[in-house]
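For reference, the chain that follows is the form predicted alone, supplied as structure tokens.
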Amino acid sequence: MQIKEFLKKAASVVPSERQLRWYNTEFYAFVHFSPNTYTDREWGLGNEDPKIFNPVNFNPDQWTAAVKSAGMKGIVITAKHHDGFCLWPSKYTEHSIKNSPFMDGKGDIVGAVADACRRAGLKFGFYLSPWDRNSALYGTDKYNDYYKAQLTELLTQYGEIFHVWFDGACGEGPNGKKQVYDFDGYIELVRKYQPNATIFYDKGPDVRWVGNESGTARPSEWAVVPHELVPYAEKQVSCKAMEGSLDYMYNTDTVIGSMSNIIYANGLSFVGSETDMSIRPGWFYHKNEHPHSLERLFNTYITSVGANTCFNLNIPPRPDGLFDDEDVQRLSEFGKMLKSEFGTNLAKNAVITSETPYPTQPVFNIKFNSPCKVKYIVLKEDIAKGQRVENFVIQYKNDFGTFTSIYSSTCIGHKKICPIPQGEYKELRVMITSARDTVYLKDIEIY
């Protein structure tokens, strides 16, 4: 296959409408809450007594207020973690909130959070762990029917769902067998009952794991990736340019989606990555832990939302059901910092023009009437037309009238936040140095 033809095929891979909505969500909350909150564990054993679960001060409106203060746009609740305990009164198990003292067994954490999200104008999603350390069916063919029955409850009882989060954990069941998950069946149910919801799973179909829990995207964070990596996603094009194998590939690899590996792909799919991290070291609440620094959270935002991923930040409730005061304070500080850093777009004070000597190498010129303090240039591709930019450079005009490079990077995608050396600039330019096909950039933002 000619390299030009191959690149055009790669450039033609585009997101679905649900993936575009997910990308525009950008920043949302994870909430890990289960008997682990009371046993001080990260992974429960499945034999916990439901009576230990009793969040006496539970207030989902406190959660949504804290989430909104940070600028997040949704909440994903752990409806069931690996211990198998359900935060809703599932009729398919006794290991659930209905056998806890919370609200005398009449409570429903999932429903209460869904309602609170709608009151607050937030999106609502859920995590349902396929691994269940409590179910006696785990490790048998009947378990998939059990799991799909619970999945159907969540998909049909709580209104519009924006994001469904599947874990890939697969532990040994009580019968000594590991479960073969029916992800095709799980995905089919989500598409049937919540067609607008994105599905997170390591292998697709909509969103994949970024490969770490430290809040860092890889240097080149492509959403157009080899189909071998995401077999549950749609294969949009078949385009093997070089003979070879990508059987080794996994989400923890440093290079995914770059030219060096897509040329070996048997096809390409559009599956962006999600950066998930907890505000504290653990995913569940531990009283001896404290929230990460404001600087750590802000840097994670730059390397997640600002690097073509969405940021899913976990906030674990205390045993009483409230977010800890330290976390609430940190979220408020974080939101204020984001508004301070990205609240005023200086592009309105600039004249931005473009020139296109070659379709894959456009140049965008930025001129201010007088020197202007600049810290960030924000670039966005119109990914509805495909993710195309391979490399770019940002330059400024120095006192000698020549341009000097101050920032260079690789792909752009939905959003690329480029921190440039803080200073006063009168003239800047963004040069796309390589792209897979004609470049479509949205308006450049300057902060």
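Start at 1 and count along the sequence shown; that's the residue number. Owing to the predicted nature of the structure, the values given are computational and were not obtained by experimental measurement.
Keep in mind that the form predicted in complex with a small molecule is not shown, yet the notes after this line are about it.
Contact with the small molecule in the model of the complex, defined as a heavy atom within 4.5 Å, is made by all three of His82, Asp167 and Asp276. The partner is absent here; in the model of the complex, the one residue of Tyr285, Tyr186, Phe270, Tyr127 having a heavy atom within 4.5 Å of the small molecule is Tyr127.
The contact residue chosen from Glu213, Glu355, Asp325, Asp145 relative to the small molecule in the model of the complex is Glu213, the criterion being a non-hydrogen atom within 4.5 angstroms. For the chain shown alone, His32 is a contact residue for the small molecule in the model of the complex, at least one non-hydrogen atom being within 4.5 angstroms. For Tyr407, no non-hydrogen atom is located within 4.5 Å of the small molecule in the model of the complex, even though that partner is not displayed. Residue contact with the small molecule in the model of the complex: Phe58 places no heavy atom within 4.5 Å of it.
At a distance threshold of 4.5 angstroms between non-hydrogen atoms, Trp43 is in contact with the small molecule in the model of the complex. Listed stretches are 108-116, 288-296, 159-167, 335-343; the contact stretch with the small molecule in the model of the complex is 159-167, by a heavy atom cutoff of 4.5 Å.
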